[in-house]
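Let's start with one chain on its own, the form predicted alone, as structure tokens.
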Amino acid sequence: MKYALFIYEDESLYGPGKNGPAIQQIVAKHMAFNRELGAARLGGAGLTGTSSATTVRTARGQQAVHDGPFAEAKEQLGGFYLIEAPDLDAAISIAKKVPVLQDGSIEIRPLLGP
């Protein structure tokens, strides 16, 4: 079965810029995690910060475009993995190994279809 693992963390912990020490530290951990996943990893990527986000919101049939994420939150979506796992328990075992800088959460969602 295919699963998406969504990584939520407080992006302010990484500081400004794309090449700070916190970013370099977590990228190294994700590279090691990718090697460990091997063939179970189907895809994934890190995301730019929420300041670069644009949201299209539909309400009562009307669409509006907004800068930034849809909701204010203490944790922001920072990246994702697409994995293949035999069942939810196996996906949970993999999700527990996803690197986060400090505190964070990994949301596990089965994909629809084949």
Partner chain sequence: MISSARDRVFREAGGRIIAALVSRFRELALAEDSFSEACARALEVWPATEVPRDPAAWLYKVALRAGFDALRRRQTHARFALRSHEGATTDDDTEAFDALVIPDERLRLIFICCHPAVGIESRAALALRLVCGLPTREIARAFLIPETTLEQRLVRAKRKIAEAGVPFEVPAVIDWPDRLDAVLSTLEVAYTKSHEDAAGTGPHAAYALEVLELSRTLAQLLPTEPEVLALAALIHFAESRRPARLDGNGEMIPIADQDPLRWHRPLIGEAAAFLARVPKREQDQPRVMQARLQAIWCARRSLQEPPPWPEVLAVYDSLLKTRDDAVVRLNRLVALAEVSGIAAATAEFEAVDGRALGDFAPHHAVRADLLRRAGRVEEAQKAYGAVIALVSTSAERRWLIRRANELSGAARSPISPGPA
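Numbering follows the first chain given and starts at 1. Quick caveat: nothing in here was measured; it's all calculated off a predicted structure.
There is also a form predicted together with the partner chain; it is not shown, and the following applies to it.
Please check if residue 93 has a heavy atom lying within 4.5 Å of any heavy atom of the partner chain in the predicted bound form. Residue 93 belongs to the contact set for the partner chain.
Can residue 27 be called a contact residue for the partner chain in the predicted bound form at 4.5 Å between heavy atoms? Contact check for residue 27: no, nothing within 4.5 Å of the partner chain in the predicted bound form.
Please check if residue 36 has a heavy atom lying within 4.5 Å of any heavy atom of the partner chain in the predicted bound form. Contact check for residue 36: no, nothing within 4.5 Å of the partner chain in the predicted bound form.
Does the 4.5 Å heavy atom contact test between residue 73 and the partner chain in the predicted bound form come out positive? Residue 73: no contact with the partner chain in the predicted bound form.
Just one stretch in 27-35, 43-51, 60-68, 80-88 has heavy atoms within 4.5 Å of the partner chain in the predicted bound form, so which one is it? Result for this chain: 80-88.
For the stretch 1-15, return the residues whose heavy atoms include at least one within 4.5 Å of the partner chain in the predicted bound form, in the order they occur. The stretch 1-15, when checked against the partner chain in the predicted bound form, contributes 1, 3 at the 4.5 Å heavy-atom cut-off.
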